[in-house]
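Heads up, the chain below is alone and in the form predicted alone; it's given as structure tokens.
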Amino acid sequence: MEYESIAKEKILKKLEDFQKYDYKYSDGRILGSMCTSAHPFAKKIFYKFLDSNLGDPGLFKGTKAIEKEVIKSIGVLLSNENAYGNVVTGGTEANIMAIRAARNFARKHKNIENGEIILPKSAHFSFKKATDLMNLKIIEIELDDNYIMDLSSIEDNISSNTIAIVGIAGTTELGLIDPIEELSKIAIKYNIYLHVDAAFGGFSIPFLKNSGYNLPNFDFSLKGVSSISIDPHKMGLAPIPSGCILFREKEYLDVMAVNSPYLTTKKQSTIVGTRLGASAAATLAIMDYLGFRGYEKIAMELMNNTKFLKENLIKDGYVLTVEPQLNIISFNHPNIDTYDLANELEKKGWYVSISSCPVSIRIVLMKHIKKSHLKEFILDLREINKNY
């Protein structure tokens, strides 16, 4: 069916009308998102590389070289300058690639056909997508009293079908770090692939540790870690979609490779075929522009805001679920139902999320949230408190 061309002005008006329904990070009222506004410089570079296709690197050799430099730079950040990997759409795709690598590696070297992966109850839902796609079984480990992966039952759940263990460095709901050092020892002991989901914490933990925060190790400095996912489009301030998957060994990419005979390279390991080169270019640009010290400053600012909110919540009688390790706070009021509190906050224009384990109000202190916004938020919480 044919349709007529529309004038640019009408199209712009139409799209602007749709966009009015979107919430804006700049308002400082999106309190439950792990994403934020991309840095203006990163947006500028993103636009310059919109037509580049990393899925056909022979035609876009320069952009492919950019991707390699991104992986090397992030590899250095994660204690392995010789890491292998790709810039992908985000943590979900990165986690799916990691599980696919683990499955194919186990098929090749251990003849495991009906694989199982061991992960904490706090793991991101992307692993459910991965296991559904690959017909794998999830062995879910309970959390301990501090809401991190309970080590006591992991070895009891390892079987001849175990293809991978997953640990989280910055859990989605509470921003906590699983005991990756201990998981690394277990992975080495049983010769099992260990994947670390650092989609949230990857662009925060290294900088906070450098500033003196006592946070556990989670990266390739631990010999048992096989792969790490990390999202530049979160605290890295790159545009969406910008995620990364890094592997310790090239073979993890090789076991996923399929023939791509009509392209300029004859094998492809990524899930997505056509891949946006703009994500890699913008990520490299913003990493080079901010540098380690720039990211360290941002990480400290976010933690200072976290501390400010935490202290005021406690002062006003709200109860923290757990002491925050990163820039996420989870809390409840002793006399107000969590969902009722979330509804009251939404009436006042605050967009929070509710964590499920445990049920609580969840606030992610991202770059778009300023201290002035937090002061307004605290005043509204006090007003709600008076009415109950």
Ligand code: 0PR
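Because the structure is predicted, anything quoted here is derived from the model rather than measured. Residue numbers run from 1 along the displayed sequence.
There is another form of this protein, the form predicted in complex with this ligand, and it is not shown here; the text below is about that form.
S.K.: I'd like to know if Phe125 sits close to this ligand in the predicted bound form, meaning any non-hydrogen atom pair within 4.5 angstroms.
M.R.: Answer yes; at least one heavy atom of Phe125 falls within 4.5 Å of this ligand in the predicted bound form.
S.K.: Gly170 near this ligand in the predicted bound form, any heavy atom under 4.5 Å?
M.R.: Within the cut-off, so yes.
S.K.: Taking 4.5 angstroms as the cut-off for heavy atoms, does Met34 touch this ligand in the predicted bound form?
M.R.: Heavy-atom contact with this ligand at 4.5 Å: present for Met34.
S.K.: Could you tell me if Asp231 has a non-hydrogen atom within 4.5 Å of this ligand in the predicted bound form?
M.R.: Heavy-atom contact with this ligand at 4.5 Å: present for Asp231.
S.K.: For this chain shown on its own, do Gly91, Asn95 and Ala199 all sit within 4.5 Å of this ligand in the predicted bound form, going by heavy atoms?
M.R.: Yes: each residue has a heavy atom within 4.5 Å of the partner.
S.K.: Just one of 210-218, 267-275, 139-147, 233-241 has residues with a heavy atom within 4.5 Å of this ligand in the predicted bound form, so point it out.
M.R.: Correct option: 233-241.
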